[in-house]
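In structure tokens, the next block holds one chain alone, the form predicted on its own.
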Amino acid sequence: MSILKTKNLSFTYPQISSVHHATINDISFSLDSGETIGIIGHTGSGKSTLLQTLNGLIKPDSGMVFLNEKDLWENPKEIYQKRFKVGLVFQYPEYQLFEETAYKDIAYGPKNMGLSDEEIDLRINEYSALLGITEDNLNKSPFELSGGEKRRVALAGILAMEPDVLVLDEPTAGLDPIGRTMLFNAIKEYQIKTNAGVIIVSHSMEDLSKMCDKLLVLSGGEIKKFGSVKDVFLDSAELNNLGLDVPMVTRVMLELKAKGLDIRSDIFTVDEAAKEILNFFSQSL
């Protein structure tokens, strides 16, 4: 069932300076409950602009956004309530942290939803534990935390509202491998619990190949390709034309195949590659 859908969505920033702002044009796609869609494209392709239309931070010039089959802008006076349902985590978490303590920052959204203090405390404890945020850090100012810790606090603040759709802009930028794994595991656990739809913007093809069911390719504010991870990555020629690439492990498998190894090249994760190579050598013995 479609939980979020866009229809012919277009938006152009007013030309108020010489600075170029990405626009989007005629964007139509849908996200089902429990599904994860990755969005890829170069800087300036319209990714961040698209994300901000999905929870009403930007009102489209034309076209529509549907949340649970209802027009997001049906009642403009209630648009802030829709943001509880479509949670957006920005690329730079320090832009959305402002309270005295991390605890109060995570509580901000649930408090504005009108939840009781008891329910807010339960949610803060649950999602802080999920993201590995310590009690000590909960009592600190967000500005005393590291970049990775800030990102986890920002995500906890969104998860504590328990949105139907989770939208993440470069969620693992600057994180080490352990931090990336923790963050993605938390997102997956939340998705399993709530059956939420997830949209992820990332430059890491490896991350997207692990996390996503589908990929949406943006260029010049328009959708150039939308389909399963396999279908999109198999069209490497089209991605190259757009200045994008397939995961590194896929390139390795293609090189091995070109050197004569009878192996699959439609492989996008390290785990898949390891199994395929082990299978090849076990059959060769």
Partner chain sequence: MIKNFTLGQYFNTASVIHKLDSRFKLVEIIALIVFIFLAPNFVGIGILSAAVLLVILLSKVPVTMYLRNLKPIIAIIILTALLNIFYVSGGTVLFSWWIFTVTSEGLLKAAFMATRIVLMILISSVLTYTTTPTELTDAIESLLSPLRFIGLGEAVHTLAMMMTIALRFIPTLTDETDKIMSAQKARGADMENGGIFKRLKALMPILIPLLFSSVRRANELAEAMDCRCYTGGKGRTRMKKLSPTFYDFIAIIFTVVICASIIFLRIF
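None of the values given here were measured: they were computed from a predicted structure. Residue numbers count along the first chain shown, from 1.
Note that the form predicted in complex with its partner chain isn't included here; everything after this is about it.
Inset, instruction - Report whether the minimum heavy atom distance between G109 and its partner chain in the predicted complex is within 4.5 Å. - result: It does: once its partner chain is placed as it appears in the predicted complex, G109 has a heavy atom within 4.5 Å of it.
Inset, instruction - State yes or no: in the predicted complex, is some non-hydrogen atom of Y127 no more than 4.5 angstroms from a non-hydrogen atom of its partner chain? - result: Although its partner chain is absent here, Y127 would stay clear of it in the predicted complex, with no heavy atoms inside 4.5 Å.
Legend entry - Any non-hydrogen atom of D105 within 4.5 angstroms of its partner chain in the predicted complex: Output for D105 is yes: heavy atoms within 4.5 Å of its partner chain.
Legend entry - 4.5 Å heavy atom contact, I158 and its partner chain in the predicted complex: Although its partner chain is absent here, I158 would touch it in the predicted complex, with heavy atoms inside 4.5 Å.
Inset, instruction - Spot the stretch among 67 to 75, 158 to 166, 114 to 122, 186 to 194 with residues whose non-hydrogen atoms come within 4.5 Å of its partner chain in the predicted complex. - result: Answer to the contact question: 158 to 166.
Inset, instruction - Can you work out whether its partner chain is within 4.5 angstroms of a heavy atom in all three of L215, V232 and S265 in the predicted complex? - result: Zero of three within 4.5 Å in the predicted complex.
Inset, instruction - Counting non-hydrogen atoms within 4.5 angstroms of its partner chain in the predicted complex, say which of L97, M211, I199, I133 makes the cut. - result: Of L97, M211, I199, I133, the residue with a heavy atom within 4.5 Å of its partner chain in the predicted complex is L97.
Inset, instruction - Go through 244 to 276 residue by residue and record those having a heavy atom within 4.5 Å of its partner chain in the predicted complex; state none if no residue qualifies. - result: Going through 244 to 276 in order - heavy atoms within 4.5 Å of its partner chain in the predicted complex - there are no hits.
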